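What follows is a single chain, given as structure tokens, in the form predicted on its own.
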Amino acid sequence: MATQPTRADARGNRARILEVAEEVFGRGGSAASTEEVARLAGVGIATVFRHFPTKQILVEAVLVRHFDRLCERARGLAESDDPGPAFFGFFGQIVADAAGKLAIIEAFTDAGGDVGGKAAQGPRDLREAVGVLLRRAQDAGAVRTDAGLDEVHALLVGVSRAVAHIRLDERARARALEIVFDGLTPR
């Protein structure tokens, strides 16, 4: 039996559910509920579960979508005429979004999700995309050539986790990034 194409309203519901779920789980982590997602998406809970049979599947889809969007953004920035600001701006964006991303990961693992499954590809793809931005920024003379992807990735993860867990205000976060960026800038 051939699969029926998804109706436009069903596709719209799915997209709205994912958009709202990213916000809800990014804010509430594992304490967030599928009921809240349904309410804010303007659909019934049955509609949520028709698209995503379990909370784990829903949060995994949110996580995959989140990483896909970050990778898409990085790939777009890789074509920038000004690779230095593209690299540093993307680094700052990842740090700014860290609390939400970590809350989604928490919700995913608490729902029984396997970080080694389908959701594991996103971080690998993102690391690769950051590597492209880094190389382009280094080629442009905006980032030290002796800073490898391993070190830069460690800085990115470390600053992101610190900012998320300490909950730095905007001013302190900007200053922390300024210090990191100063260390990455060639002398």
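This is a predicted model, so every value here is computed, not measured. Between two forms, the rigid core is the largest collection of C-alphas that superpose within 1.5 Å. Residue indices: 1-based, along the sequence shown.
Beyond the structure shown, there is the form predicted together with the DNA, which is absent from this document and is the topic of what follows.
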item: Contact flag, Ser160 vs the DNA in the predicted complex, heavy atom cut 4.5 Å; value: no
item: Close approach of Ala174 to the DNA in the predicted complex, 4.5 Å, heavy atom; value: no
item: is_contact(Gln138, the DNA) in the predicted complex, heavy atom dist at most 4.5 Å; value: no
item: Exercise: Arg65 in contact with the DNA in the predicted complex, heavy atom 4.5 Å; value: no
item: Heavy atom within 4.5 Å of the DNA in the predicted complex - the one residue of Val130, Ala147, Ala32, Ala61 that qualifies; value: Ala32
item: Stretch from 66-74, 130-138, 149-157, 51-59 whose residues place a heavy atom within 4.5 Å of the DNA in the predicted complex; value: 51-59
item: Sequence-ordered residues of 28-47 touching the DNA in the predicted complex, heavy atom within 4.5 Å; value: Ala32, Ser33, Thr34, Glu35, Gly42, Val43, Gly44, Ile45, Ala46, Thr47
item: Rigid core superposition, Ile45 Cα moves 2 angstroms or more between this form and the one not shown; value: yes
item: Rigid core superposed: Arg16 CA moves 2 Å or more between this form and the one not shown; value: yes
